[in-house]
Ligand SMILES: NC(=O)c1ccc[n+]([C@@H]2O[C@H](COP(=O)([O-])OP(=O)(O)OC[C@H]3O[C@@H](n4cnc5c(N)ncnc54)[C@H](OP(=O)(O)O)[C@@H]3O)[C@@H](O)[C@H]2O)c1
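In the block that follows, a single chain appears as structure tokens, in the form predicted alone.
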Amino acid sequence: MKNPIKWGILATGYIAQKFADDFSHVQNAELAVVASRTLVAARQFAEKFSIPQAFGSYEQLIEHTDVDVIYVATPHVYHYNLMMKCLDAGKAVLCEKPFTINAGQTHEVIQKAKANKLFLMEGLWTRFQPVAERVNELISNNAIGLPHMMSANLGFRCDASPGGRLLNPELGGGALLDVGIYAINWAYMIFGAPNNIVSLPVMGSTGVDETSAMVLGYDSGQLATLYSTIKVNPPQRAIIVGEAGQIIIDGPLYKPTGLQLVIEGKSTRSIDISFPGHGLHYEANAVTQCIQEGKTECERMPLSETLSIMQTMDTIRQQWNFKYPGE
């Protein structure tokens, strides 16, 4: 038995709480320390999730000697600077999606990790969940024939104040980086990087994208039509259409729990794939295993694909003439 990998968590918000809540399902690892912008918040989080140490600044955790890997769970705009500091301090990093605000920042962080020979991964947790694995297995086994097209809807009605994270351009707000990335991730899992991108947004009063439609095209003739929104509650669904059938994924695409397999001429087969917790432990287990094996990146979420997805989102925002402050 190898020594357990010691984790630190930067930030104490919603997704950090879900991550910590799932940690009982992570093997060969322990939550060692948490940091927030205030010591009170850090101590409350530590008490809730039985974490031994709490710090009132991110820098204290980053410089802490008894941590192997840091989970960065802050708002988007802080990812780049915090990851660079973590890597300079010799810490491996798992960073929540979106990895950074743009591809230029992503490239710099990747180069820093490679230069320092440290593990680095984007936290696109869907990649590691059972439904994603089952979909990849069905497609690899030619269950629906060659996939030709897919559609995906993802979003929710945001009731936050204009100054809240989701609607605030200063914090990297908007539907694309928050939920659209999941739809794009599914397209990448099925078809890879697109050769052609066409998109159209609906911009809100705060200056961020509240709804968008995207079409990703491929040289082989495949198409992915994707929708993201923080304006309304759309049907949460993805449909992958192949020459011999379809895979229908119902429910939130960031953590689906089942699918339907529709083969032409046969009865529809419903497949329930429930799992314990929130589903974040799958990526944490993968990171822990990679670090124990001395790897610097994970095959299921390679850094080249993180960069490519960010380049795709950059292209989409360029079509909208939408830049974040400071870009």
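Since the structure is predicted, the reported quantities are computational estimates derived from the model, not experimental observations. Position 1 is the first residue in the sequence shown; the rest follow in order.
Just so it is clear, the following notes concern the form predicted together with the named molecule, a form of the same protein that is not shown.
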{"item": "Whether 128, 238 and 251 all lie within 4.5 angstroms of the named molecule in the predicted complex by heavy atom", "value": "no"}
{"item": "The named molecule contact at residue 98 in the predicted complex, heavy atom, 4.5 Å", "value": "yes"}
{"item": "Partner proximity in the predicted complex: residue 169 to the named molecule, non-hydrogen atom cutoff 4.5 Å", "value": "no"}
{"item": "Contact of residue 12 with the named molecule in the predicted complex (heavy atom, 4.5 Å)", "value": "yes"}
{"item": "In the predicted complex, residue 58 touching the named molecule (heavy atom, 4.5 Å)", "value": "yes"}
{"item": "Region of this chain that lies against the named molecule in the predicted complex, out of 134-142, 226-234, 71-79, 114-122 [heavy atom, 4.5 Å]", "value": "71-79"}
{"item": "Of 266, 37, 295, 48, the one that lies within 4.5 Å of the named molecule in the predicted complex (heavy atoms)", "value": "37"}
{"item": "Interface residues of 162-184 toward the named molecule, as seen in the predicted complex [heavy atoms, 4.5 Å]", "value": "165, 171, 178, 182"}
